[in-house]
Ligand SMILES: C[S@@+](CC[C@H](N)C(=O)[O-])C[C@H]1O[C@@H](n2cnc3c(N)ncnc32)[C@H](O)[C@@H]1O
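Below sits a lone chain in structure tokens, taken as the form predicted alone.
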Amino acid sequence: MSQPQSNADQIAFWNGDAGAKWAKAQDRLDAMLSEISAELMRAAAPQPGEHVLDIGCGCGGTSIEIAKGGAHVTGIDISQPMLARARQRATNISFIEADAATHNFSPAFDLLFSRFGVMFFANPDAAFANLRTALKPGGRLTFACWRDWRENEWVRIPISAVRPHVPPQPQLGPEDPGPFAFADLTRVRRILTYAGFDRITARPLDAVMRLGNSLDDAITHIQDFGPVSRMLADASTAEKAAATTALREAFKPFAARTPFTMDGAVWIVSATL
């Protein structure tokens, strides 16, 4: 089966500098998402002896946490650098380098789990239909996805600060693959229903995001990871300097926080067969 172009783009992206950067910053990123991970784990409730597929497992942080409870975990991701880090951290977990949208699964899993790993499929209808084939009869699905970017303080504030100082950005449609592609629950329910899932539920989670140990640390982090990093990719030296100044000004109301935190807005979605 040929790769859809946007899936090929994602594979190239996560096997390039981005994947290497995320692998290097694994401890920091796990700490940033720790509150979300803990709530997602409670919602998924993996049981001892269950077989769990961790979709978009990255550097293996969530796979390791699931395995601590006695479940048998398989992590799947497209990023070779991140999977190399995962294999270093967890020799007792199986990791697969593959695209979960097209991988040939057998119905071996009780639970499909993902922390922000399912919003980037070129064809999510087909991807979730394929993921459904990995579940045993009566299996279940639980994942976290971002709500609208404007509800995410850690995204809205820096994007608004940086935007006037960088080159014009391509406009993504609300259903284009990306971090916020599942913000619309009507769309999410349609995709899951089409794929054959039932008893679909979603609830909002407002979480605290640890962005750095200090204001300066947070500014560096925001420029290295996430939407702002992509906005700065083609900026000149002068534009980057202006963006840094604007970020510092926008972050002033939060500067007294140690560690430096901002709010995140997430959906916790669950479904069954």
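Here the structure is a predicted model, which is why all the values come from computation and not from measurement. All residue numbers refer to positions in the sequence shown, first residue = 1.
Keep in mind that the form predicted together with this ligand is missing from the display, and what follows is about it.
Screening V52, L247, L33, V228 for any heavy atom within 4.5 Å of this ligand in the predicted bound form leaves a single hit, L33.
Interface residue among P158, P124, G117, G139 relative to this ligand in the predicted bound form, by the heavy atom within 4.5 Å criterion: G117. In the predicted bound form, no residue of the candidate spot (S214, F251 and G264) has a heavy atom lying within 4.5 Å of this ligand. Contact check for A100: a heavy atom falls within 4.5 Å of this ligand in the predicted bound form.
Interface membership of N152, defined by any non-hydrogen atom within 4.5 Å of this ligand in the predicted bound form, is ruled out. In the predicted bound form, this ligand lies farther than 4.5 Å from every heavy atom of F260. Put simply, A218 is far from this ligand in the predicted bound form: not one heavy atom of it is within 4.5 Å. Picking from 237 to 245, 56 to 64, 204 to 212, 43 to 51 the stretch near this ligand in the predicted bound form, with a 4.5 Å limit on heavy atoms, gives 56 to 64. Although this ligand is not shown here, in the predicted bound form the stretch 60 to 79 places heavy atoms of I76, D77, I78, S79 within 4.5 Å of it, in sequence order.
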